[in-house]
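Starting off, we have a lone chain in the form predicted alone, written out as structure tokens.
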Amino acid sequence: MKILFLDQSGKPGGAELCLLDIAKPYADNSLVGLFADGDFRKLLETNHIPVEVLATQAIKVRKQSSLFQALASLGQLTPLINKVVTRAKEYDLIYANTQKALVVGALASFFARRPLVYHLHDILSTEHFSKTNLRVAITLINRFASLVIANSQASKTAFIQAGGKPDIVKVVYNGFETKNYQIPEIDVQNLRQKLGLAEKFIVGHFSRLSPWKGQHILINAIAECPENVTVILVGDALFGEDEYVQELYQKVTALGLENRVKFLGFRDDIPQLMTMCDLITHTSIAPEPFGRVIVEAMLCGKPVVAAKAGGAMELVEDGVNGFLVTPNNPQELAQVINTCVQEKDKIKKIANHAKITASQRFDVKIINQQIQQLLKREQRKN
């Protein structure tokens, strides 16, 4: 099967890392078309996956864009759509991996007469999208997509509640190459020494720096924890959220936590950093579609505490393979962190259980088989 994969980003976020794994089995006769250049292109090339950057400038539409802003982007989208239509005629299927890819892919599927599959990595609700973007997404999916692959039950439910067709959506969780999370102990110790954290209890947070990702909640929580507890924030602003980053720095200073909170920016050694941590936190204040960081923490054999909403509730069973706390509640988060500091043997058992079950449940080979079966079914239908 020849597939034209489409993705809007030049940066390797969660949806892009998922696409990387999905595209690998089709690398010999498929193409990944990107709407922006960047490190994701380089990552695809490193993995010998054919890739082409189809757009010369970023599409100026955000999740919260108004109708006017959306209409203003049409002139920019037209050349891109024409290019995708031309490419799509060489392939059997269009696979849209992000919302902007959905818009372009839906119109291209109509003109090129190729079936469209949409991989839904979002909670389609007004907490994450403007009403305009939400309405556009649902309309395009219902009209043009023959299959929607949702990354969680939470994503599927939100899609249907927003007006999406229930008969075209299937849930397939993200897959992970489990061997990538097996890090030698000597590497962990060396990294602790290099970062000056050898004797610290390290709490990690891994995501872009954004208000809805809730780094401020973790900083507030740490102020109520013992002096030995140190936070590493891995990630940086992506979508014009630099003001929030400055607010985080100001909060750290105001609380006197300059020596206990480290901003590490974007890193390419995530498994090593996670394995170095004693605890990994997920603090999103709006429902998360899946929670890739949660599974990665489990695969590294680390205890994870997650916000009790969205896809996280499908990954974490409180007190069994991790901990769930009320979103936007730093006091509750601080209590769990302090419990992890004090009851290390109990916490280690929970983390080991999480590692075993996550390795079985989210193995990329099993997940890719599920997706391949769905795509073959679509090919037979068309």
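Predicted model only: the values in this text are computed from it and were never measured. For every residue, the number given is its place in the sequence shown, counted from 1.
This next part talks about the form predicted together with uridine-5'-diphosphate, which is not shown.
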Though only this chain appears here, would residue 270 touch uridine-5'-diphosphate in the predicted bound form if you measure heavy atom gaps against 4.5 Å?
yes
Close approach of residue 17 to uridine-5'-diphosphate in the predicted bound form, 4.5 Å, heavy atom:
yes
Even though uridine-5'-diphosphate is not shown here, does residue 275 get within 4.5 Å of it in the predicted bound form, heavy atoms only?
no
Residue-level contact is defined here as any heavy atom of the residue lying within 4.5 Å of uridine-5'-diphosphate in the predicted bound form; does residue 156 satisfy this criterion?
no
Taking 4.5 Å between heavy atoms as the contact cutoff, choose which of 219, 148, 234, 229 touches uridine-5'-diphosphate in the predicted bound form.
234
Looking at 208, 251, 200, 260, which is the one with a non-hydrogen atom within 4.5 Å of uridine-5'-diphosphate in the predicted bound form?
208
Per contact check vs uridine-5'-diphosphate in the predicted bound form (non-hydrogen atom within 4.5 angstroms), the hit among 78-86, 159-167, 234-242, 93-101 is 234-242
Contacts from 285-301 to uridine-5'-diphosphate in the predicted bound form (any heavy atom within 4.5 Å), listed N to C, are 288, 291, 292, 293, 296
